[in-house]
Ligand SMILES: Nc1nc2c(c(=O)[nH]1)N[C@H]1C(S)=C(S)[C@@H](COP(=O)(O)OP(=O)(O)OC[C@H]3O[C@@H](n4cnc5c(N)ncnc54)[C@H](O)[C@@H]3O)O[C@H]1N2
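A lone chain, given as structure tokens: the form predicted alone.
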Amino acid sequence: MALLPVEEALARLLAGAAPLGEETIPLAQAGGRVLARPVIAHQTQPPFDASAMDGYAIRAADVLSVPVELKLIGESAAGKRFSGVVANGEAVRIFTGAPVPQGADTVLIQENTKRLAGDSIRVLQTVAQGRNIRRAGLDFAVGDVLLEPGRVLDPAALSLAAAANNAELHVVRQPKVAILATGNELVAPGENPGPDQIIASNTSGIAEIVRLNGGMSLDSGIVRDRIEDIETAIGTAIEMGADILVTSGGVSVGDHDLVHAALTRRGMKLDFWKIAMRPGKPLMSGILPGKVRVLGLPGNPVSSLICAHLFLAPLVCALSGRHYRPDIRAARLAIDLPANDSRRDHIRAEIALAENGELVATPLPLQDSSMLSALARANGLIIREPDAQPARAGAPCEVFMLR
């Protein structure tokens, strides 16, 4: 059977993937979520004419000629306004953010005055009408549409929604991603592995990729290589409301690779299995009853994480309402590379900025798909298309940035 090209596999995986509906959540929990409805202003900001500076609220007509003395009649502070009216020859001490009193039409900054004995100030510089005043509604007014659907709620968006008196927001529902690791050889981090066991590491990296792309991970634990146990774990993930079931390991063709069989017994409709890429050839995709999407990742840690970057990240984005933009950049090779075979290769590399402003990609010397230390060292992947010819140092290449 011919291996499926990477582009076709990704297109099939994302076919029909769309935001999952909406939910209403408290503003304090909305960071990083995607708006499902517009954010409307429920009050005007600022709600009154406010001073933009510390100084004195006065009438501009009183300071057409300087120096001149004005009578100080009171104070206006943020949260406690001056309730009187400023008349000819009068001034009110005012602070940043405080309401501008009635009768005043400008704010004179305090540096351009001198405080005199008693209740008066000497004005040393003229000021035009309307200076240093933030007019009511300068930022927004009641009923304004402040944020459109599809906006990722970053710090500025959250602050804007709060300023407009929105205590709750309508957001796209987070996709729930159940992560199931399989293998007799695996134990959880913190446990003591037996003589033939290793620490399960894939779940931690996969969960972070889910989080970074707007999803919620559900740790389904580690399941031994027993088809009944794997079936039970699949059923539990479905009962937990998973939108995506990610399996790690058990998708190859060995005697102990039982995930495909267990999924089939649970009713999975297989879409594809095995793609033309390195690392990550055994990648599997299908649909379980209830429209639960399945992504079967290889067990080798590097293969698992690279497949999660390339396939799981865009799928989670599509379901969470985010627009997926892979960070692919132009670079030049630091060393010669041999011809590639029939699979797209993703070579772990260090990407650095040269003095001429170009990116230079240096492949790491060891590319074994079990070496997490090399993947952690790499900040990008050199993409080598199937059947690519040998390339010399300095030749152009494409790199997929990991960080």
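In case it trips you up, residue 1 is the first one in the sequence shown, and so on. Predicted model, so just to flag it, every value in this text is computed and none were measured.
If you look for the form predicted in complex with the ligand, you will not find it shown, but the lines that follow are about it.
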property: Leu186, Pro282 and Pro301 each touching the ligand in the model of the complex (heavy atom, 4.5 Å); result: yes
property: 4.5 Å heavy atom contact, Leu212 and the ligand in the model of the complex; result: no
property: Partner contact for Leu138 in the model of the complex: the ligand, 4.5 angstroms, heavy atom; result: no
property: Touches the ligand in the model of the complex: Thr113 (any heavy atom, 4.5 Å); result: no
property: Exercise: Asn202 in contact with the ligand in the model of the complex, heavy atom 4.5 Å; result: yes
property: The single option of Val127, Leu333, Val251, Val294 touching the ligand in the model of the complex, heavy atom within 4.5 Å; result: Val251
property: Partner-contacting position among Ala162, Ile198, Val142, Ile328 - heavy atom within 4.5 Å of the ligand in the model of the complex; result: Ile198
property: Candidate stretches 101 to 109, 79 to 87, 143 to 151, 174 to 182 - the one whose heavy atoms come within 4.5 Å of the ligand in the model of the complex; result: 174 to 182
